[in-house]
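To begin, one chain is listed below as structure tokens, in the form predicted alone.
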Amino acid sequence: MATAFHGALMVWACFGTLIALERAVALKHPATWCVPLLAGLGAPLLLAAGPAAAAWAWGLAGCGFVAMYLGVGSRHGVSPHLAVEAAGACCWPLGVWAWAWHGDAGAVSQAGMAFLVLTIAGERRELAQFVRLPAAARLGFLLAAGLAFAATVWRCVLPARGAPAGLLWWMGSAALALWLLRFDLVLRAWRDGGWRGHTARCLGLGCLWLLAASVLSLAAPGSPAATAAPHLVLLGFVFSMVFGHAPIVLPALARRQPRHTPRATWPLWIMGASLVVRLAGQQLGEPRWLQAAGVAHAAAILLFAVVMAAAMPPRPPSLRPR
């Protein structure tokens, strides 16, 4: 069962838990901890009680995640980046509802991608708010994100008439990828050393994967290679962002700064090479290539966890449990 629902487990159980956990740490409100708890609980419920029980847990967690943004917006006002992140949050319960109500695989996959892509794009826009951007750039970002969100709502609510919505989604994704490649300041540090250069390379390659998935889907919809587009987004774009943001997020969670190591970039290249193998396997219809790509995907993720764990300095005596 875990193999059949690996997409739902990755998006809602894995990333839903991690992103909600990050928000709960930032908000410091006891009630917000229910969201990552419910998201994580969905995985054992899926295995023990079936999809219906998991859908309840993930649906409630998604609604709680949206409530987090409503609370932030009511207290601090609605900024452009918060609106885009909130739109991504709405795609979480929307995708769970589509999964439970009509089970259209394309709509559910699109909602999962929209949840992650809009959340990440909103976070990157938040970091760029202290830079004076041209008015056209500010408007272009909102139009691209709005197109991606509207297309996702259309696809989930009207799956029988949702084919054009799929193309609109990929147009919005391509526009977001191009916007990030042009205006995300961190990408200018591509040649830098240390964690700053590491983050720039991860983000740059991730945006290229999002752009590649969009171009493939728009140029040859329904082709064998285009069927790999969700993998390019969820593994290429999203995991590149995870690899790039880990040195920034870990100090806040573990209260320790990881030491920089060039080995941290190895998983990025392994993941990229394995996605190329997946694309070739899809195009040529070689199941063994797809299996090899799947093993390499998992190896890249595990290697990154090992490298980051090894890069963490020993816990100071004052932080050790007594």
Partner chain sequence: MPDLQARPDLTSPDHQRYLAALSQVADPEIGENIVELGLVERIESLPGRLCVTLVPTSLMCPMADVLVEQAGEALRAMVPATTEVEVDIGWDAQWTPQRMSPALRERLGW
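Everything numeric here is computed off the predicted structure, so don't read it as measured data. Residue numbers count along the first chain shown, from 1.
Just so it is clear, the following notes concern the form predicted in complex with the partner chain, a form of the same protein that is not shown.
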For this session: Report yes if any heavy atom of Arg191 sits within 4.5 Å of a heavy atom of the partner chain in the model of the complex; otherwise report no.
Result: no
For this session: Answer yes if any heavy atom of Tyr69 is within 4.5 Å of a heavy atom of the partner chain in the model of the complex; otherwise answer no.
Result: yes
For this session: Flag Leu178 as yes or no: does it have a non-hydrogen atom within 4.5 angstroms of any non-hydrogen atom of the partner chain in the model of the complex?
Result: no
Exercise. According to a 4.5 angstroms non-hydrogen atom cut-off, is Ala252 in contact with the partner chain in the model of the complex?
Worked result: yes
Exercise. Among 167-175, 90-98, 211-219, 120-128, which stretch has residues with heavy atoms no more than 4.5 Å from the partner chain in the model of the complex?
Worked result: 120-128
Exercise. Looking at Ala273, Ala49, Ala280, Leu27, which is the one with a non-hydrogen atom within 4.5 Å of the partner chain in the model of the complex?
Worked result: Leu27
Seminar exercise, completed: Picking from Leu158, Ala163, Ala105, Ile248, the single residue whose non-hydrogen atoms come within 4.5 angstroms of the partner chain in the model of the complex is Ile248
Problem set entry | Residues in 170-201 close to the partner chain in the model of the complex, defined by a heavy atom within 4.5 Å, in order | Leu185, Val186, Arg188, Arg196
